[in-house]
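Single chain ahead, written as structure tokens, the form predicted on its own.
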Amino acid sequence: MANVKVIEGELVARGQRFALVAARFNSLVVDRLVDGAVDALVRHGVALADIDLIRVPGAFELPLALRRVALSKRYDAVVALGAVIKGDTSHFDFVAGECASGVSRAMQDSGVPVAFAVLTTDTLEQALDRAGGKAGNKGADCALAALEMANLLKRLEG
């Protein structure tokens, strides 16, 4: 390892712009993810004016908005924020699966990093634990992954 050149992204913002695309459904959870994402980006040097929050009805609608936002090339990275909590029907499986697939396609189609902070949990308590509770804030974690990937892609271009 000592002789291998390592190329990775930094967690320092240099004038980058970020879009947070967040579902309104399960807002008790998602709003905490949004707060965590904004806080993490600002703590690493992103100006509030360089963060746009785009709201969609639910997790199922995230991929379409993400794809449009990423293809606009106005942002260095995008963060998908949502929560799909398992209920008594198979609806959870369809929404969670299609959301994850669509988010991945948006990133691949655009070439813009899209971080996936869509919680898929069995209970509301599990979701809250991951949205600033005892399991940390996955919105913050994914915002930092987006920042790192934006910087990595810039390094790979040059």
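The first residue of the shown sequence is 1; numbering continues from there. Just so we're clear, the structure is a prediction, and the values are computed from it rather than from any experiment.
The next section is about a form of this same protein that is not shown, the form predicted together with a small molecule.
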{"item": "Residue among Val114, Ala37, Ala59, Val29 with a heavy atom within 4.5 Å of the small molecule in the model of the complex", "value": "Ala59"}
{"item": "Single option in Ile54, Val95, Val42, Ile51 placed near the small molecule in the model of the complex, where near means a heavy atom within 4.5 Å", "value": "Val95"}
{"item": "Check all three, Phe25, Ala83 and His91, heavy atom within 4.5 Å of the small molecule in the model of the complex", "value": "yes"}
{"item": "Residue stretch of 103-111, 124-132, 42-50, 59-67 approaching the small molecule in the model of the complex, non-hydrogen atom distance within 4.5 Å", "value": "59-67"}
